[in-house]
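Take a look at this single chain, the form predicted alone, given in structure tokens.
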Amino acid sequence: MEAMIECDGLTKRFGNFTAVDHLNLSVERGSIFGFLGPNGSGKSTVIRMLCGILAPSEGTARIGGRDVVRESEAVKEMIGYMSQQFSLYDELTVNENLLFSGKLYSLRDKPLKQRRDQLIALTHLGPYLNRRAGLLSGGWRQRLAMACALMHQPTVLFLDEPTAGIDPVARRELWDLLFEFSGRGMTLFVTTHYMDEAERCSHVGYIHMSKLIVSGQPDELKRLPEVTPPNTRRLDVTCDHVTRALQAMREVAGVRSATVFGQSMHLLVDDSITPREIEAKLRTVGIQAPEIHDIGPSLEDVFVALTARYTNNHTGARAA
């Protein structure tokens, strides 16, 4: 597949602080790339460098084969950017924001109105055209921000935590739009904290302490040996009083990790641990007849395992 976004040793320093440290990354054309990491890990800084807002301290980045520093004007014509904060004009109506955004990219007269109408139909903003942007709900504000970012028909769209602070229904509707854009050949680069959103991406990357730890398709990452080490397996245990059960499981030798998921626990255990041993331990805290079955790892399991490994290696190297 053709690479649409390429980073080679991309680095950003602010004085003595390194915000992004020699990032190497390739994102395929037409993919939805989910970029994850804790707050302060460097996600937004990467996007700002790719969009030409920040100059790299070291390394290179290309969008559609164009260097983001040397060919910044050509790159800006190819990309759209939707920031974390609603960055449009609250005092302008939906229609006025759309027209203003189009004029920023030199759209005029008939082409401007045609593009506006296309995006209104796509994002279903029609009923709100004359409403001031500041009076829209979170979900509709995000739709408007997305429509404005798409006025010049970019081939790459950067979305920095686009669903933060909006309700679940609006979040799902926004993702439906992203799938539609991807189906039309657009490349999407999305930062998010939500694991269910990461599962929807065709590819994901995880950045921690300014370094890209891993990148690939979700199913590939779940098969990494670090995630489910040799001679271990993952179990789902559904039972009553799950928080009481969690404490009991953490006392069992051979249970490497235990986490609550709704009315069940997800356990990483040594192969030597049998369901009968788990049942016996739960009976000691008054829990009867748990349902136990094998499961695969989630993306959250992937990132927790890789973060722990990276942190341990980093701490050990620094101590040495």
Partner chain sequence: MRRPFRGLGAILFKEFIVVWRDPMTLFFMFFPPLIEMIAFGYALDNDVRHMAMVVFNEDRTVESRQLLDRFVNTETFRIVQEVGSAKELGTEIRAGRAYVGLQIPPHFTRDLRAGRPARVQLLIDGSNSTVALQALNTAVALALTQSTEMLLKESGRTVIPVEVRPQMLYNPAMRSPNFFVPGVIGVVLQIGTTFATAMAVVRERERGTLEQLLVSPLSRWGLMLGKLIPYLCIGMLMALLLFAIMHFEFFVPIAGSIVAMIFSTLVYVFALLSLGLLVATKAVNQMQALQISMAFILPSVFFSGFIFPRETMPAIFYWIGAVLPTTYFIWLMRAIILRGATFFEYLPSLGILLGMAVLLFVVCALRFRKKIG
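Because the structure is a prediction, the values reported are computed rather than measured. Numbering follows the first chain given and starts at 1.
Unshown form predicted together with the partner chain; subsequent notes refer to it.
Among residues of the shown chain, H266 is not one whose heavy atoms approach the partner chain to within 4.5 Å in the predicted bound form. Although the partner is absent from this view, D219 stays clear of the partner chain in the predicted bound form, with no non-hydrogen atom inside 4.5 angstroms. Within this chain, L174 is remote from the site of the partner chain in the predicted bound form, having no heavy atom within 4.5 Å. Within 4.5 Å of any heavy atom of the partner chain in the predicted bound form lies no heavy atom of V169. Heavy atoms within 4.5 Å of the partner chain in the predicted bound form are found in exactly one of 95 to 103, 121 to 129, 223 to 231, 241 to 249, that being 95 to 103. Only one of Q153, S83, S202, S215 lies close to the partner chain in the predicted bound form, with a heavy atom inside 4.5 Å, and it is S83. L88 is the sole member of A198, M186, L88, L136 with a non-hydrogen atom within 4.5 Å of the partner chain in the predicted bound form. Although the partner chain is omitted here, in the predicted bound form none of V20, H22 and M49 has a heavy atom within 4.5 Å of it.
Shown here without the partner chain, the chain has R48, C51, I53, L54, A55 in 35 to 57 lying with a heavy atom within 4.5 Å of that partner in the predicted bound form.
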